[in-house]
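First, one chain by itself in structure tokens, the form predicted alone.
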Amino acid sequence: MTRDEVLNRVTGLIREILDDETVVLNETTSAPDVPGWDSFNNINLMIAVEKAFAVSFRAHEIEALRNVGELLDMIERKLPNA
């Protein structure tokens, strides 16, 4: 899976969670940049990402994330074919 494919999938997940098809994510996007991406929806996103990519995150990994690029890095490291 390419990085663009991972980004597109994460974008689709956040759009679904926020019920907003206009959300556009890039490597530097962080939660405060996206209206409605609060702590509750961040939990929903992490659960959705874990299910969608069949990966698992530890709480300290999630807490350390600063932007979408770091989330993509973490997903890529944990993918079965990584």
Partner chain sequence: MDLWLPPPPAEFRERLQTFAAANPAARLDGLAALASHNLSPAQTRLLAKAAVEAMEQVPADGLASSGYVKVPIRIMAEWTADHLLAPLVVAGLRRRLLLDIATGDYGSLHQSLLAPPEGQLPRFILFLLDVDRRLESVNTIGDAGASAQWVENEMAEIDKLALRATEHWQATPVFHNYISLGGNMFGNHDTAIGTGPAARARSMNAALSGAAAGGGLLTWDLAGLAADIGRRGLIDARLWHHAKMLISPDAAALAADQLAALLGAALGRSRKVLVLDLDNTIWGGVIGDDGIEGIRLGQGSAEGEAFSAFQRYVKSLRSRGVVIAVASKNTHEICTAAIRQHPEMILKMDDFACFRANWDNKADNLIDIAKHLNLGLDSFVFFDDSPAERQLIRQELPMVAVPEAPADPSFYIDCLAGSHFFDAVSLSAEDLQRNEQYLGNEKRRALSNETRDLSGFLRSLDMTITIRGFNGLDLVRITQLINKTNQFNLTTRRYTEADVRAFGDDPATVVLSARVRDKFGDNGLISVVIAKPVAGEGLSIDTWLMSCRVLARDVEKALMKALVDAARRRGAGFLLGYYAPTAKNKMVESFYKDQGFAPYREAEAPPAGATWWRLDLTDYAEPTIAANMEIVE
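What you are looking at is a predicted structure, and each value in this text was computed from that prediction instead of being measured. Positions refer to the first chain, counted from 1.
Omitted from view is the form predicted together with its partner chain, to which the following refers.
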- Message: Taking its partner chain in the predicted bound form, would I43, A59 and I62 all count as contacting it (heavy atom within 4.5 Å)?
- Response: yes
- Query: If you check in the predicted bound form, is I47 within 4.5 Å of its partner chain, heavy atoms only?
  - Reply: yes
- Query: Can M74 be called a contact residue for its partner chain in the predicted bound form at 4.5 Å between heavy atoms?
  - Reply: no
- Message: Residue-level contact is defined here as any heavy atom of the residue lying within 4.5 Å of its partner chain in the predicted bound form; does V23 satisfy this criterion?
- Response: no
- Task: May I ask you to list the residues of 9-30 that have any heavy atom within 4.5 angstroms of its partner chain in the predicted bound form, in sequence order?
- Result: E16, I17, D19
